[in-house]
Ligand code: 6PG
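Only one chain comes next, encoded as structure tokens, the form predicted on its own.
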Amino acid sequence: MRSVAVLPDRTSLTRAVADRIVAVAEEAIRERGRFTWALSGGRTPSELYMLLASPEWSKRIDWSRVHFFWGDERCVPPDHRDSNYRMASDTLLSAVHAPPENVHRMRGELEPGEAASRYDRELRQTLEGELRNTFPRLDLVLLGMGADGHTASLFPGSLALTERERAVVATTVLVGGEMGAPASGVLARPGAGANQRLTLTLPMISAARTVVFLVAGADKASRLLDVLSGQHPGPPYPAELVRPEGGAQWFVDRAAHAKVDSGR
């Protein structure tokens, strides 16, 4: 059963999600001695990370016990401007002095298929013994949702949506967001890396103890109505297909929730 928290603006939304992350971290560290968290990319998460890195908030989490993972990554080097790792490093990891051995980045600079296989192994080795339905179990996966209903790098029509055995796959995003087959691993041309992605799969995401969606902006309103209602033509959107055992927790601002409020 999903829960939906609607906040009046982006500032209160960010603070509400930060509070939830702190609570999940405290519980995980108390019960299991560490907190394993898959980060999301994007502008709204960057604001969240900067808040958590601030003096007021950073002291609320024992960062030495946090293991950082990623929900998805572009196939670019870690210092590339489009790298989700770089964004998180600039806004959070460097500020809280995350132990390097606790930072498990997706290696977007490698051949995509190899990078996906390596990350699958790393997840299984690091989370050995913490399983749900044979998949490694993270404490928290933070997700966003695009205006097309995609989440992580799972896009409408992607073959990655049908994956049921691997925890991580490589996919290719075609021009306009249309999805193709799983990436072959050979970049088509210099500079094309941003169109190739690594992503956690649906069963890997849904195995997490807690899944939090962070959604802001009026451009998401139509799709959020579709996803939360489930009443729309065509197949379910990727964000609808994330189904953790305890239900996903949605945190949205009023602008994103406007069409749910109005019923259209």
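Note that residue numbering follows the sequence shown and begins at 1. Because the structure is a prediction, the values reported are computed rather than measured.
Absent from the display: the form predicted together with this ligand. The rest refers to it.
Q: Indicate whether residue 223 is a 4.5 Å heavy atom neighbour of this ligand in the model of the complex.
A: Residue 223: no contact with this ligand in the model of the complex.
Q: With the cut-off set at 4.5 Å between non-hydrogen atoms, does residue 145 touch this ligand in the model of the complex?
A: Heavy-atom contact with this ligand at 4.5 Å: present for residue 145.
Q: Is it the case that residue 42, even though its partner is missing from this view, gets within 4.5 Å of this ligand in the model of the complex, heavy atoms only?
A: Residue-level check for residue 42: yes, a contact with this ligand.
Q: Check residue 152 for me: does it contact this ligand in the model of the complex (non-hydrogen atoms, 4.5 angstroms)?
A: Because a heavy atom of residue 152 falls inside 4.5 Å of this ligand in the model of the complex, the answer is yes.
Q: Pick from 66 to 74, 228 to 236, 30 to 38, 200 to 208: which stretch has a heavy atom within 4.5 Å of this ligand in the model of the complex?
A: Heavy atoms within 4.5 Å of this ligand in the model of the complex occur in 66 to 74.
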